[in-house]
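What follows is a single chain, given as structure tokens, in the form predicted on its own.
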Amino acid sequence: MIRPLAFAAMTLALVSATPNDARATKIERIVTAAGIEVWHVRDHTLPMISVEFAFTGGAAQDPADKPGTANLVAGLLDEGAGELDARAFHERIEERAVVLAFGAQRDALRGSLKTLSEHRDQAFDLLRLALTAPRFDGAEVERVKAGVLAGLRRRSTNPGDIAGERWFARAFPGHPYGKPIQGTLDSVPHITADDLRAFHRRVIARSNLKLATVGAIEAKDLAVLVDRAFGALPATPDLAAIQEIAPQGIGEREVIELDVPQTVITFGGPGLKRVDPDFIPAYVLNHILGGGTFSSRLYKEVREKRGLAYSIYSHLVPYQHAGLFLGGVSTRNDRAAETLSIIVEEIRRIASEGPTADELAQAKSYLIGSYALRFDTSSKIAGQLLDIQLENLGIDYINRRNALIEAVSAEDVRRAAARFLADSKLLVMLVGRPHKAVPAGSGG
């Protein structure tokens, strides 16, 4: 039990200490010889290293006619690199128990590496190969594309996926955010190995790299490994400019007929970006409205009082070029209109009245108390440090975050609500056979 207890103590120190607390686990800012910045937490509790990294750009950089390109690149970076074909590359990973993964998001291409300290040299060499010399062999491209297409076919009959993709298409017409990250059944077959190589050349570079590490390694040794893995990348990317945008179609409803026993409702509208001064009050507001699982107003009104759904949620989605407020629920076809009316009414009520004193106190207590749960493994700590970098919150954010939550007042919440919930109008997708659903084009 000694090692888990020691790691738990490190976690609590990391998230609860003040900047002047000498016991706090230190986040080291390292700049390597190649000029790469790393945020590192030294932890010798276990002989391992966790690495989380991202290249800003992501699926928003897909060619307009070939959505899904970033997703395929992410799926193929570890399918052979340098002199190693896919089989040989995976054998090297498995021999050393290395965990290497990549994924595409709208605003970033992310990756992670986990390795035992004794295998760190080999692990970082494999990462270097994957990033600098991916093969994109024809057979592997077709195999990964086949898997993506199988997933897209499944998504095409899933009510939740249909509702979500249609919501984004309506909210962001003609914008990269309106295209599905996984691509489409029409676009994926036409993505070539040359398209993947072109995306790789344009997006993966040093100046748009964000990097965080946690583990049993000293700063000077880590700097050498980081330069080995990332130092040979191009200095700068060639990213296309992405337009700032607010979601369109607010106040509209669209019904997509599907023969299923329940109607899936996806709703949303404008939100706030992460760097907005009112984001933290909006975050507390959303927890009270629909983010607090068993304690939220939407949960109480929709599930507890009326039994209309098993679960209901809302959340803030702060993309780099747009801020969103999104939510969803699944309910019986004949209760869809009623459920939607309750959602709109609760949004209206909290926007006009604000939270009660008890709601505000309970929300802040939960959000502060649960923060440490985001740091209970080395991978989670590295992931949180990476998110903080991507959101430009500052290296001291972990020490400031709970005080920012505690400082939120009822007036702050009402001000935030007035900025994005005041008219309570939403863009809504209903997928199923809703009875008496609000017709398309009507207001909130």
Partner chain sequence: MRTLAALAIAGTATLAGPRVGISETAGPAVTQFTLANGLDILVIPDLRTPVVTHMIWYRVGSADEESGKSGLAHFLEHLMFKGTAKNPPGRFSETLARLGGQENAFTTQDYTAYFQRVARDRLDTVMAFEADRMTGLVLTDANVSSERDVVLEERRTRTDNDPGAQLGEAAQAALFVNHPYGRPVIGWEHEIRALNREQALAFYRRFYAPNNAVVVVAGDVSSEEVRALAEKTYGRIERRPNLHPRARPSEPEPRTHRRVVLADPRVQQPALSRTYLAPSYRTAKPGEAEALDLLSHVLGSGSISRLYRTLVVEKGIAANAGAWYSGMALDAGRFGVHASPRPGTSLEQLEAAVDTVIAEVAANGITEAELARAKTRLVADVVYAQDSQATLARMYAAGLVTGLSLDQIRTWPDRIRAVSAESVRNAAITWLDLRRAVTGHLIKTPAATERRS
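Positions refer to the first chain, counted from 1. Since the model is a prediction, treat every value here as computed from it, not as a measurement.
Form predicted together with its partner chain: not shown, discussed below.
- S365 is the sole member of S207, T132, T192, S365 with a non-hydrogen atom lying within 4.5 angstroms of its partner chain in the model of the complex.
- V99 is the sole member of V317, V99, A240, I245 with a non-hydrogen atom within 4.5 Å of its partner chain in the model of the complex.
- Each of E91, T115 and G307 comes within 4.5 Å of its partner chain in the model of the complex, counting any heavy atom.
- Contact annotation for E218: none of its heavy atoms lies within 4.5 Å of its partner chain in the model of the complex.
- Taking the partner from the other structure, its partner chain in the model of the complex has no heavy atom within 4.5 Å of any heavy atom of R197.
- D412 falls outside the set of residues with a heavy atom inside 4.5 Å of its partner chain in the model of the complex.
- Residue contact with its partner chain in the model of the complex: T69 places no heavy atom within 4.5 Å of it.
- Contact with its partner chain in the model of the complex, defined as any heavy atom within 4.5 Å, is confined among 147-155, 318-326, 246-254, 343-351 to 147-155.
- Residues L258, D259, V260, P261, Q262, V264 are the members of 254-289 with a non-hydrogen atom no more than 4.5 angstroms from its partner chain in the model of the complex.
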